[in-house]
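Before any questions on binding or motion, here is one chain by itself as structure tokens, the form predicted alone.
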């Protein structure tokens, strides 16, 4: 790779012009590429790492609160969307719930199935895109944790929320969390690059990675864009995040036939904080 090539990607023609919000969508590359998914699983399983899952201490507190709040020990049916390697699903099942986990990462689902088997837990893990959920209705609780909704554009959010509504029983609940406008205010635009950036996370061999963060102020959207330049190919990964106010999230839920009933500071049941970076909601069918 020549210096001229590197300068091209580092300069104005390479990274400075951002696309329209949510226009490129590369989630499958991030979660199901054979090399990248191996690193993502390692982050999931690292007890203190946050790129893929929250620290396991928080997950333990969160799962206990969810189990108590929604009485999972009574055999409630739970759909854990974006379940990854089953960090929540196995805890829900251990508390007595009948759990179905959905994720499109082959590597994560394979690990989840093995982990559940080793623990003697009967969990139905389904490899699928939860935007096109293959599940039948009848769930007492649907969970979508770690701000997964924020990674989707408006049309995909609408599709997912309507799917969640249809999965619920008449008195079932949807629990999810999102990033707040307070968190958006803490972001800023930046650019950087490095050789084998993130310790070989993006590719097995030699590569340069050029990263840029773009702010979309009117829409309250942030893009972290990664351009991975290898000797024989160039790839781009787009990590989008939507940030919400209480009003905007309530409106999106209402448009999808859902009614927000409770607000929390996180999915471990913390009190709602107007200054917090995260908001968690419990919603029901309207």
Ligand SMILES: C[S@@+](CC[C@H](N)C(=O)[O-])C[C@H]1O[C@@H](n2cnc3c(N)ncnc32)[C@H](O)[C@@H]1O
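Here the structure is a predicted model, which is why all the values come from computation and not from measurement. Residue numbers count along the first chain shown, from 1.
One more form of this protein should be noted, the form predicted together with the named molecule, which is absent from this view; the next part is about it.
Participant: Within 4.5 Å of the named molecule in the predicted complex, counting heavy atoms only, one of 204-212, 79-87, 167-175, 186-194 shows up; tell me which.
Facilitator: That would be stretch 79-87.
Participant: Using a 4.5 Å cut on heavy atoms, which of 125, 111, 104, 179 is close to the named molecule in the predicted complex?
Facilitator: Checking each option against the named molecule in the predicted complex, the one that comes within 4.5 Å is 104.
Participant: Please tell me which of 244, 31, 70, 238 lies within 4.5 Å of the named molecule in the predicted complex, judged by heavy atoms.
Facilitator: The option sitting close enough to the partner is 31.
Participant: Does residue 25 make contact with the named molecule in the predicted complex, using a 4.5 Å heavy atom cut-off?
Facilitator: Residue 25 belongs to the contact set for the named molecule.
Participant: Can you tell me if residue 44 lies within 4.5 angstroms of the named molecule in the predicted complex, counting non-hydrogen atoms only?
Facilitator: Yes - in the predicted complex, heavy atoms of residue 44 and the named molecule come within 4.5 Å of each other.
Participant: Considering only heavy atoms, tell me if residue 130 and the named molecule come within 4.5 Å of each other in the predicted complex.
Facilitator: The answer is yes: residue 130 has a heavy atom within 4.5 Å of the named molecule.
Participant: Is the gap between residue 53 and the named molecule in the predicted complex 4.5 Å or less for some heavy atom pair?
Facilitator: Close contact exists here: in the predicted complex, residue 53 approaches the named molecule to within 4.5 Å, heavy atoms only.
Participant: Within 143-166, which residues have a heavy atom closer than or equal to 4.5 Å from the named molecule in the predicted complex?
Facilitator: Heavy-atom contacts within 4.5 Å come from 145, 146, 148.
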